[in-house]
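Only one chain is given next, in C-alpha cells, and it is the form predicted alone.
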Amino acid sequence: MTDWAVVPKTELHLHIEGAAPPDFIRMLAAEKNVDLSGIFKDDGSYVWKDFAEFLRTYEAACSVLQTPDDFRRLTEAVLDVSAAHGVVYTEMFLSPDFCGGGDLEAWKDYLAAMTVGAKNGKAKHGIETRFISTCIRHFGPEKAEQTAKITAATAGGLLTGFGMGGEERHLQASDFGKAFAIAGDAGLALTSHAGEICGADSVRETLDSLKVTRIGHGVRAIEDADLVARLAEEQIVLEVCPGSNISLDVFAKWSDHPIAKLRDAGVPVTVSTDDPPYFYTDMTREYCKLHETFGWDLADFQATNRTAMNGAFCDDTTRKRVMAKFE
C-alpha cells in the first residue's frame, strides 16, 4: 500500500494565514497574552460550525499575527507542515492588505521577512516556495489597484504572481481588470478565485476579463459543458481544493466532487488544501481520499503534479528541477 505522505507533491493554492497551525497560533497568543481559548476544540483544532463562525475564528487567529517576524515564523511553521506531507514545491497567497495594511514600505518589511522564512524552509526541507500577492475582492476595485501597484513595485525574487481572493459574490470580475493589468504589465503571472461559491458564469467572466492562466477552485465550471471544453482547449489550470469544497458544502461528499470528471474532460486539474487546518485536511489526506474515491494511483498523482508544475509561477530552471522529483 502506498504511503501517500512521502509521495512528492506540488501545491498551488495555500493561504498563508489560513494554513497557520493551531499550535503555532496558540504559542503566539501565549507570548502576546491574548486569550484565544474560544476558537479551539478540546483536541486543539480550530472550531467553527458555519461560514460566519469560520470567518470569526479565522479573524481571531490572525489577530496575533502582528509583525514581520510573526509572519517569518508563520512561513516556517507552514513549510514544516507542508514538508511533512511530501510537498516539494508550494505557492502561498499573501496580502499586502493584511501584511502592513496596504502601505508599500511596511509591505516590503513583511515580504522580506516571509522571504527569509521561505529560504529557511528550503534550507531545512528542500521545499521550494513562491508567493502570490492577492487583492481582496470585497475591498473593491480601487483598493485592488493599490494592491496591484504595491505588488508590481516589489515583484521579483519569490514574489511571482498576483491574484484575487475574498467574497466571490461581490461585484464583477471585470471591475478588477485594471488591477490585473497593472500586475500583468509588471511581469507577474495571474490567477483568481472563481467558480467556488458562484457558478460557471463566474469562471467565464474571470477568464474574459482578467487574462488569468489559472483559476482558484473553478470547480463549478462543471455545470457548463461549453465552459469545460474551453478550459480544456485553453489549458487553464484549476487549483482544486476538494477537502475545502466539501467542508464548505460546495459539494456534499467526496463522490460528488467533479475533479475526476474535469480531468477526464481534459481540464488541467491540480490538488491543494486552501486553509488546511480549518478544513481538517492536509495534502496526505487529499491524496488518500482521491485514491479511495476515484481510484487515483501513483501514476495519476505524478501526472497531476506535472500539470501543477507546468502551471507553476516559477522559472524554468526551478520547474525542471522539481519536475525531476515526480519521475
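Whichever C-alpha set is largest while still superposing within 1.5 Å between the two forms counts as the rigid core. Note that residue numbering follows the sequence shown and begins at 1. None of these values were measured; they are calculated from a predicted model.
What follows is about the form predicted together with a small molecule, which we do not show.
Trainee: Using a 4.5 Å heavy atom cut-off, which stretch among 72 to 80, 228 to 236, 190 to 198, 121 to 129 contacts the small molecule in the predicted bound form?
Mentor: Among the candidates, contact is made by 190 to 198.
Trainee: Give a yes or no on whether every one of Tyr58, Gly166 and Asp275 sits within 4.5 angstroms of the small molecule in the predicted bound form by heavy atom.
Mentor: Checked in the predicted bound form: all three residues contact the small molecule.
Trainee: In the predicted bound form, does Tyr280 come within 4.5 Å of the small molecule, counting heavy atoms only?
Mentor: Although the small molecule is absent here, Tyr280 would stay clear of it in the predicted bound form, with no heavy atoms inside 4.5 Å.
Trainee: Is Phe54 near the small molecule? Define near as a heavy atom within 4.5 Å, in the predicted bound form.
Mentor: Phe54: contacts the small molecule in the predicted bound form.
Trainee: Although the partner isn't part of this model, could you tell me whether His15 comes within 4.5 Å of the small molecule in the predicted bound form, counting any heavy atom of the residue?
Mentor: Output for His15 is yes: heavy atoms within 4.5 Å of the small molecule.
Trainee: According to a 4.5 angstroms non-hydrogen atom cut-off, is His217 in contact with the small molecule in the predicted bound form?
Mentor: The answer is yes: His217 has a heavy atom within 4.5 Å of the small molecule.
Trainee: With the core lined up, does the C-alpha of Asp50 move 2 Å or more between the shown form and the other one?
Mentor: Yes; that C-alpha moves by at least 2 Å between the shown form and the other one.
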